[in-house]
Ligand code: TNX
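The data below hold one chain only, encoded as structure tokens and taken in the form predicted alone.
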């Protein structure tokens, strides 16, 4: 009888083992190291199994944080179109053991900061842990990229949703990772700006600098100076109808960006690039006469009168209204290409404008020419053209945002046959945009001096969102990696392989990206 019991026990044990093995084998073996994650994380460890996202998977949010709950719903809404899954989001203090995605704020090591995260995938569940909801949001973008590419579809896909298991630990190397959109040369409506914000959020950008005024148009409503938009916002390059954001619409853009942990940085360019303002209020002009509205693309011909009291009243009013609408810490004052403003007028002007911005509780950013002035504490110099200006800024204890035109300007042509764009800074193909190191780019400027990098898109030749996508993608993905990924982990040959694979997602998203031969050209077959 004991033998029978023994045989039965052994048989039962074998059945359990086989059943367990069978149940585990339902999930395919997958290698997390094979995923094309952009920007590349700090570390990826694969464990060789997989997790299946299902209709009854739940998202659990640790605690009662409103921001964390929003992140959970953001993730659920991200998943829903392609899967059809209406995933439940629940606050809880207990981690579920199976079939769940768990979002939690926990004290991670200092290097993780506000934006770092740990993403862990097992056969049973997924967890994203960070020091803040911002870090959770960045982790969600990585989780999105390890889901099958079809997750980017806007309609329900018939497929299983397996993801490779393992652990990702990740955090950015630079605090500031921005993009700039010029809405002055050609106007982009709020819905297009929101679409761009979503594109940027997917690659962990955290700032969008809006160039709101220039010779060709004034794009933000200022209630104390209404003719700025009524007249100054009525045209654009080429003579189109232009447009502007009401204060309500601007606030809507700011809030949309905030929900995606992107800071909006408004720019009012001065004292040059001001023809639209001068045409709207001739008292700001030295002659007192209003110039004609301008629809060309030349630069450097306009200037506010830097010696008139009315000029500083105008600037005070504009900055006050803008600061009240802008929760972020920065206001950009331009300061570039003021060719008809003498340096002896330019320096005191920039000094006064810095004081106005500071009086409204904001920090100043300006193009690298502002380094000629007496830079205030916390003023940031944005390098774009003259290395000596950036060096001068560092000598004056300013931090630097790097936007070298020959590396980051997204309005530069890819090559000689690119139909859109300009070429005064040279051609910038995908490799050129990627193969450079901010911390060694300028002699005398090291990593400690650099706040981060920014990718500007000037829109002299860019008129709509499809053209924007073509000029931005895929170059800006390389910039995202430069800003986020440690220099030691960046490699062009590795990047282009990941980018080619990732392009399938761009295609599904419907993004009109440039198919550079450097990435997408099939190598000719070699003969034996």
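The model shown is predicted, which means the values in this text are computed figures rather than measured ones. Positions refer to the first chain, counted from 1.
Another form, the form predicted together with the ligand, is not on view; read the next lines as being about it.
Chemist: Go through 185, 363, 118, 413 and name the one with a heavy atom inside 4.5 Å of the ligand in the predicted bound form.
Modeler: Of the candidates 185, 363, 118, 413, 185 is the one lying within 4.5 Å of the ligand in the predicted bound form.
Chemist: Could you work out which of 460, 481, 467, 35 is the residue within 4.5 angstroms of the ligand in the predicted bound form, going by heavy atoms?
Modeler: None of the other options qualify; the answer is 460.
Chemist: Want to guess which of 354-362, 420-428, 439-447, 394-402 is within 4.5 Å of the ligand in the predicted bound form, heavy atoms only?
Modeler: This holds for exactly one stretch, 420-428.
Chemist: Since only the chain is shown here, I'm wondering whether residue 273 would be in contact with the ligand in the predicted bound form (any heavy atom pair within 4.5 Å).
Modeler: Yes, residue 273 sits close enough to the ligand in the predicted bound form that at least one of its heavy atoms falls within 4.5 Å.
Chemist: Does the ligand come within 4.5 Å of any heavy atom of residue 409 in the predicted bound form?
Modeler: Heavy-atom contact with the ligand at 4.5 Å: present for residue 409.
Chemist: Can you tell me whether residue 191 touches the ligand? I mean in the predicted bound form, with a 4.5 angstroms heavy atom cut-off.
Modeler: Output for residue 191 is no: heavy atoms all beyond 4.5 Å of the ligand.
Chemist: Answer yes if any heavy atom of residue 150 is within 4.5 Å of a heavy atom of the ligand in the predicted bound form; otherwise answer no.
Modeler: Contact check for residue 150: no, nothing within 4.5 Å of the ligand in the predicted bound form.
Chemist: Where, within 378-394, is there a heavy atom within 4.5 Å of the ligand in the predicted bound form? Residue list please.
Modeler: The stretch 378-394, when checked against the ligand in the predicted bound form, contributes only 384 at the 4.5 Å heavy-atom cut-off.
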